[in-house]
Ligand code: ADP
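Single chain ahead, written as structure tokens, the form predicted alone.
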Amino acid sequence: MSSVVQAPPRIAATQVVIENLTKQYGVLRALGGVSFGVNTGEWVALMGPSGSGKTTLINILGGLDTLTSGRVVVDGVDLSKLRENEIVRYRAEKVGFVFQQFHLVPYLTAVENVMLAQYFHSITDEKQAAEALKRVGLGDRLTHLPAQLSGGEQQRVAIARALINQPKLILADEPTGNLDEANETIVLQIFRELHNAGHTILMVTHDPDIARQADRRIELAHGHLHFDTAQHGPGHPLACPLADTADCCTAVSTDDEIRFDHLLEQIWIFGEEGKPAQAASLHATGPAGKLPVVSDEPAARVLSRMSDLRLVELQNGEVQLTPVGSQRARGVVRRHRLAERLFKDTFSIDDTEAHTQACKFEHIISPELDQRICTFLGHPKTCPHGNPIPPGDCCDGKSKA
């Protein structure tokens, strides 16, 4: 595989400016006031649980979706002010996309798939497309159809296509998600070479090992910016050894988000039963599944952090939901009970397994998937155990018994 030419030393300049970015789908808020900047030539790993807003952010930066409010400027272009034809030109000239799904046209050869990107740029050059494929080690696969290529080779074609118009910004959404370890290594090496050549890369990933290779890590949770190594220091590890101490520089970890949701769900259920939620009765890990994705921790310590974030109020050993906490708890309970209904009714999974799986799904179901599941199930009113499912915006009086 040939190397990408090394770029000369560069002076950092802000290439991407995101200010108070909000994206709403009806009443659903996918992004709520996100702000950060990305310097020219910087490699940023964008992390967070499913439904946290990562793909929405990537789509807005790439001109595939529009922002509701705020400001997004890429290489001097204010995306909120572009007309539709200007957005098309912006995508062709400024951005290169690399997706988890390769999105290759099956009846076009590798070189033709790369030339397709040139077509949208109004210029096609087969020699240039062939050179792009050679850069990613596919000089001997120019005339192969996607079906004749391995997954790793297809992803490299997609990278060559993303690079053909010399974009200012490369947006990669889980680019190694469908690859085996060997092909992942090859593709990541290409990204390292692109980074060394001065390309700006914003990459969505769930893999902490991949994130460590980037210059910077940004974490989203529930549509908000929760962590940024640019603010807390590039040497801060993914698993902070000072977690849960006053010296920890991570305000809210992904593990904490799961603990918060679990405790909020318990407090909500106490309210449904008309009982006070006593702090001593709550637990930060699940009763059946014990949520193996997070370590055990006393509920009192987690509740203290939740109180600092104004999710709950603590009074004389009793825990009460704030309006913000109540709204979030309602969403967790709804996702859990919809998941139970889905597993039980659609897949005929037994009660114990349905509950265990629902404990995991309640943390990763996005608002869009929540509505799709609800609609698929016919907007049910109760879970398999007869507990009420809080209605969503999709129900609109359509719930059935």
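In case it trips you up, residue 1 is the first one in the sequence shown, and so on. As the structure is a prediction and not an experimental result, all values here were calculated from the model.
There is another form of this protein, the form predicted in complex with the ligand, and it is not shown here; the text below is about that form.
- Annotated contact segment (heavy atom within 4.5 Å of the ligand in the predicted complex): 27 to 35, selected among 328 to 336, 342 to 350, 27 to 35, 371 to 379.
- For residue 63, no non-hydrogen atom is located within 4.5 Å of the ligand in the predicted complex, even though that partner is not displayed.
- Under a 4.5 angstroms non-hydrogen atom cutoff, the ligand in the predicted complex lacks residue 41 among its neighbouring residues.
- In the predicted complex, residue 54 approaches the ligand with a heavy atom inside 4.5 Å.
- Contact check for residue 70: every heavy atom lies farther than 4.5 Å from the ligand in the predicted complex.
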